[in-house]
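Heads up, the chain below is alone and in the form predicted alone; it's given as structure tokens.
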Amino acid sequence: MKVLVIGGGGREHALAWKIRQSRLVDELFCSPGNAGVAEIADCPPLASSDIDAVADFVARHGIDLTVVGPEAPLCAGIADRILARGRAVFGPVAAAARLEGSKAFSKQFMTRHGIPTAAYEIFDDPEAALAHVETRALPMVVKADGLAAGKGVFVCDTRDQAREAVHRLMIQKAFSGAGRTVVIEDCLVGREASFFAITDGERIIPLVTCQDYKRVFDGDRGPNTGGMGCYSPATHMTRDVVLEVLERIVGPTIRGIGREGAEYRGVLYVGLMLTDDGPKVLEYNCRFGDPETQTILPRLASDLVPLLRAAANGNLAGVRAEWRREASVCVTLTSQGYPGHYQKGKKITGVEQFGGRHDLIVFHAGTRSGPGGEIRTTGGRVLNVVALGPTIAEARRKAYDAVSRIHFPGMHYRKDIAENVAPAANAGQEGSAR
């Protein structure tokens, strides 16, 4: 079969890497891809924002399955366009992708379907939002309604911080139209967790647990980023917690969006806060996480393609996911200045020595090939170094050892990913549709 992956980051490199291993796949395309992806797939020059051009390519080349990585084209309706041309796509239609595309919609959706989340108010007038800031209990969270590349959420400990967040989003329009409407909500207390499940719109297959790191500096300091690292399994996500999340959150979400006329086929990624009152939803995402995908997929022992194809075709019955017992740790290497301004074009060395290993993989994100065949930086998040090991501690040691042998000017990374994590009782897992 022919498979097309849409996107060009570390998540898409991981997806392409795992899909390339499938005996079911004869031809693999990834657009736009990056320097790492180009080694294992054809990379046609398609802009993911040009959803009609992508859909035309899918129809013209007889692509059997399109796997959409980023959220923006999903929210723009790329799955709808591909389905209209009679081709299969892994990723929800635009009406279902609103769970990520609009924070206001998702909060109202959770209220309608009794899904636990923080108390909130929604504003499209900046003066009303600023007035509300003066009365809401501290701390509070201010969120841009629309897509902001993971940077539109502000946890505010003071009213000055909340005023600044509202001003930045609604008046300065720091994220263009994404901040035209804002959600102001209570700040939940507990431990954050990420949960992923593949669904065909009815049946659900949970993936192994993982925990990411959002802040740019050690000790969870500095601004939020798209993700600075991750480990799997998340030892605080016990079996009882997973079952509760499936019963109280994931199941009602998939059934609820279906009752509202938008069948959800793809992966549902739920950001959670594990509170004293049980797990509550921080946010929905309608796609695989980044760097969670890079962390999880090396642990998948079975073929990924049957999972993706069955979900896209609406029939996960009888499909299973089998997982390795090893733990995994991912360390993200970024350009100096990320998530703010950074320079591009820095030469990367040391990556070539890790090719062909199953227990240590370097997934490219913001990279390109230079005129002399060298690899150069082209993004904020540049590389993801992922290691497998019998324990989280051993995987962490291997990952950081590999990081020490990779270099580019201004390279930055957190040094505390998976530090002091309690050992997992059983890292292995099997999952079938439920």
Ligand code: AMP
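Counting begins at 1, following the sequence as shown. Keep in mind it's a predicted model, so treat the numbers as computed, not measured.
Form predicted in complex with adenosine monophosphate: not shown, discussed below.
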Exercise. Counting only non-hydrogen atoms, which stretch in 307 to 315, 86 to 94, 320 to 328, 282 to 290 is within 4.5 Å of adenosine monophosphate in the predicted complex?
Worked result: 282 to 290
For this session: Would you mind picking the one in Met170, Ile115, Met273, Ala104 that has a heavy atom within 4.5 Å of adenosine monophosphate in the predicted complex?
Result: Met273
Exercise. So which of Glu164, Asp218, Glu121, Glu192 gets a non-hydrogen atom within 4.5 Å of adenosine monophosphate in the predicted complex?
Worked result: Glu192
Problem set entry | Non-hydrogen atom contact Lys214 with adenosine monophosphate in the predicted complex at 4.5 angstroms | yes
For this session: Would you check, heavy atoms only and a 4.5 Å threshold, whether Leu188 touches adenosine monophosphate in the predicted complex?
Result: yes
Exercise. Is there a heavy atom of His364 no more than 4.5 Å from a heavy atom of adenosine monophosphate in the predicted complex?
Worked result: no
Exercise. Does Arg265 reach adenosine monophosphate in the predicted complex if we count a contact as any heavy atom within 4.5 Å?
Worked result: no
Exercise. Out of 133 to 162, which residues reach within 4.5 Å of adenosine monophosphate in the predicted complex, heavy atoms considered?
Worked result: Val141, Lys143, Val153, Val155
